[in-house]
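One chain comes next, on its own, written as structure tokens: the form predicted on its own.
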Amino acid sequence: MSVTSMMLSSSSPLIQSLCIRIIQPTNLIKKMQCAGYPEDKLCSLADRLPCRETQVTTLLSLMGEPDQYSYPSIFIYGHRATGKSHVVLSIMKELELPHTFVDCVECVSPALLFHRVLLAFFGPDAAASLPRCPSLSDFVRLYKQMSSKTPATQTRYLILDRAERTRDMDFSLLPALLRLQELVRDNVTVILLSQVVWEKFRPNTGCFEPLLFHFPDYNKAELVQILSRDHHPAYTPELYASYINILLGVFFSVCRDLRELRHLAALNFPKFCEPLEKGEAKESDIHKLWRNIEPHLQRAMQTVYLREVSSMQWKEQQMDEKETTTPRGLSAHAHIELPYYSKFLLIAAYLASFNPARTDRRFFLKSHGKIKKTNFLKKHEKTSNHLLGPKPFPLDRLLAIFYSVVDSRVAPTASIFSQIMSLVSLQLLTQIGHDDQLDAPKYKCAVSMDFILAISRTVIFDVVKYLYDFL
């Protein structure tokens, strides 16, 4: 008997540490017969969960019939937006199974988790019986008392989303949850949902091994099928499917996130339909529609996964901009992943490289008085500092300018110095001098003005006001 057939035919607790590998479905869930579940509800699940027939089939087989004991714990993992939470919750709600869904980001302590479980399974009186600071033994004792009064007629399911957060709680919590069925002697199954693989999740002290269930990423054909279901009522489904194919042709190589792709599809569809609304093209002129939308999709790709501007601002920019201009407020993708304080450090380094040191008082002291540029000019200083190139500066000057321009009080911690070294390793700063000059290292900024202007826009800082050449 194959491993797959063993998984689908058995829900016995004898199965230990079995990793489920997802295979491509050969039969639709609409044709599937699961004992204990009505066929009309299974068909409804098929309509609500496209491209997840195999996962639903396998999960229902593991769960068994509603009144049977299921496996004590199931660990479901996969990348973001692969349908883990949606599939599990849809099964629970459609089949009306007793369950509670807990987001571990919201439950910051075991006490909140215990309260949510007792409240969902046994009502507010049971939850109110918990001590003020309950321990794990208090929860197990109270659960056993309540389950003896109201024994489970169907399997109760405790679903923990983003379950990796439990690793930051009490070290005994996760091992106890994995074998909760044994501790409370009740028909309860714990389902853990996470983006972290089990090898990095398993406690160092050891624990009961759950069933491992992997949700793979959607492939391109599946994404087309799912996204095409959101077609606009004013246009034909065939037109929207063609638009989704064009969208995935641009974004599929850099983004597989279903949520992000759905957001991008809804955001850029009005631009795709502009030639149709103006009467310049027909729905069959896909090539003309593609030429109209291509530059806008390329610009949107620079900020995929990011929200540098809101959806409303993006739409306004698309309406106002010319074809040859870049949307305002969007920076190049080369620097947007820098930490917040690293951006200000780079701005301070640029100012230190292109401003004379004696002008620091004029720019960074409040009581500098009125000093004109002509008072600083010397006879030999007739050339722009930007034409002469960046000049080296010491570390103490960099930090002094940084603390002046940053918009909050920052303590001089090791994190600030490590970010300076990160900028050097990224070749955004250049360290000048020998390696033995540990007491006074010198640096030089290695980025262009366009680069620093784009960075300053992301932190809402007007760098031009602090440049000597632009006085």
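Predicted model, so just to flag it, every value in this text is computed and none were measured. Position 1 is the first residue in the sequence shown; the rest follow in order.
What comes next is about the form predicted in complex with a small molecule, which is not displayed.
This chain is displayed alone, yet in the predicted complex one of R291, H79, K220, K144 has a heavy atom within 4.5 Å of the small molecule; that residue is H79.
I226 is the sole member of L297, L178, I226, L261 with a non-hydrogen atom lying within 4.5 angstroms of the small molecule in the predicted complex. Proximity of K84 to the small molecule in the predicted complex falls within the 4.5 Å heavy atom cutoff. Put simply, S384 is far from the small molecule in the predicted complex: not one heavy atom of it is within 4.5 Å. Under a 4.5 angstroms non-hydrogen atom cutoff, the small molecule in the predicted complex lacks L62 among its neighbouring residues.
In the predicted complex, the small molecule sits beyond 4.5 Å of every heavy atom of T236. Residues with any non-hydrogen atom within 4.5 angstroms of the small molecule in the predicted complex fall in just one of 417-425, 441-449, 45-53, 64-72: 45-53.
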